[in-house]
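In the form predicted on its own, a lone chain appears below as structure tokens.
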């Protein structure tokens, strides 16, 4: 095995191939606090990519209600149990990744779901932690909580699906880091399904090959964000490109949120894949729970997010999420206006940080009637 550096766990780790980063790495930021679980993203993805035979159970994009939601069943709990806990020393993960803890003869620690595990895509939906009995009430901050976790393929820097494929049919595009399956080479061994800790690779029994989220690369190539991004009602998403921490640019929105402000964090960084989808953690959930999902930076990320009203740059950038269907690799703020730009600095979208308020007179003189809704 090669030794590669994983900045998310703060150390070198073992991986089956030498480090080979793409020219640009596709990445995304999701603001969990804005998700309303309308599942519009799920439907947009489903109707675009997985409406064929053998794809009925496939949800390349799904939204789960944590702590009890999961698709497939127990996709996270089973692997956490197999890893037997986790050990962080500051920002360094001292436990074993799924590559370092793999049994002899296997390339990654993993498990393959049963058919029944895919039968409950909405399990745990809107189920909260604890019980709220009839007539009971609670006030903020409250102990009974749940939150929505939107998930797609993480297009990892060190994909376990790629490393485990005996046919080398899974590859990472050198131009943008998107992870794809060459179905001409795939023979349906399903090692990728077993190895992916996020369970975002699916087997099509009709074709006998594996399939997965492709980050809508035909749209990416045209500078347009993926389907689940542009159809998001809650405007929680932004797609772009991420740099290595030492090369972070303040005018790159993904770099700014992940590397500079450190307000967006990876999902289960302890697995060791260096996933490239990042989440702004929910602010109303006990950090003892969210630290397990997003690592030791949760407390500081929440403090930074809560301070956004006093941080004009951060507040402005958050206004850009969901503001345009175009990829916005650059951004800037001027006063109370924030702009998304292309690579050359050409303006793509302009968003006011404060929405104008217009108050109409309560009495309409033209129609001689009293209005009931004035603002």
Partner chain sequence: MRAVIWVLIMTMLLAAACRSPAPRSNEVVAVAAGTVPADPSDPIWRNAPEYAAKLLPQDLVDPRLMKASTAEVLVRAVIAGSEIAFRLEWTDPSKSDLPGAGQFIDACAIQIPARIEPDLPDPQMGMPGKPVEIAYWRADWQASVNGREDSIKSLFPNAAIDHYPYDAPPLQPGSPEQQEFAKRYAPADAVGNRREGARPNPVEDLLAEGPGTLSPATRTTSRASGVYGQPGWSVVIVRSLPEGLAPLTRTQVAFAIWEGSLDEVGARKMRSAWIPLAIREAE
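Numbering follows the first chain given and starts at 1. Since we're looking at a predicted model, the values are computed, not measured.
Beyond what is shown, the protein has a form predicted together with the partner chain; the following relates to that form.
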>> Can you pick out, from 118, 145, 88, 217, the residue that has a heavy atom within 4.5 Å of the partner chain in the model of the complex?
In response: 118
> Exactly one of 289, 171, 111, 189 has a non-hydrogen atom within 4.5 Å of the partner chain in the model of the complex; which residue is it?
Replying inline: 189
>> Taking a heavy atom within 4.5 Å as contact, would all three of 105, 167 and 207 count as contacting the partner chain in the model of the complex?
In response: yes
>> in the model of the complex, does residue 343 come within 4.5 Å of the partner chain, counting heavy atoms only?
In response: no
>> So, residue 52 and the partner chain: in the model of the complex, are they within 4.5 Å at any heavy atom pair?
In response: yes
> Contact between residue 211 and the partner chain in the model of the complex at 4.5 Å, heavy atoms?
Replying inline: yes
> Is there a non-hydrogen atom of residue 237 within 4.5 angstroms of a non-hydrogen atom of the partner chain in the model of the complex?
Replying inline: no
> Of 73 to 81, 179 to 187, 278 to 286, 292 to 300, which is the one stretch near the partner chain in the model of the complex, taking non-hydrogen atoms within 4.5 angstroms as near?
Replying inline: 179 to 187
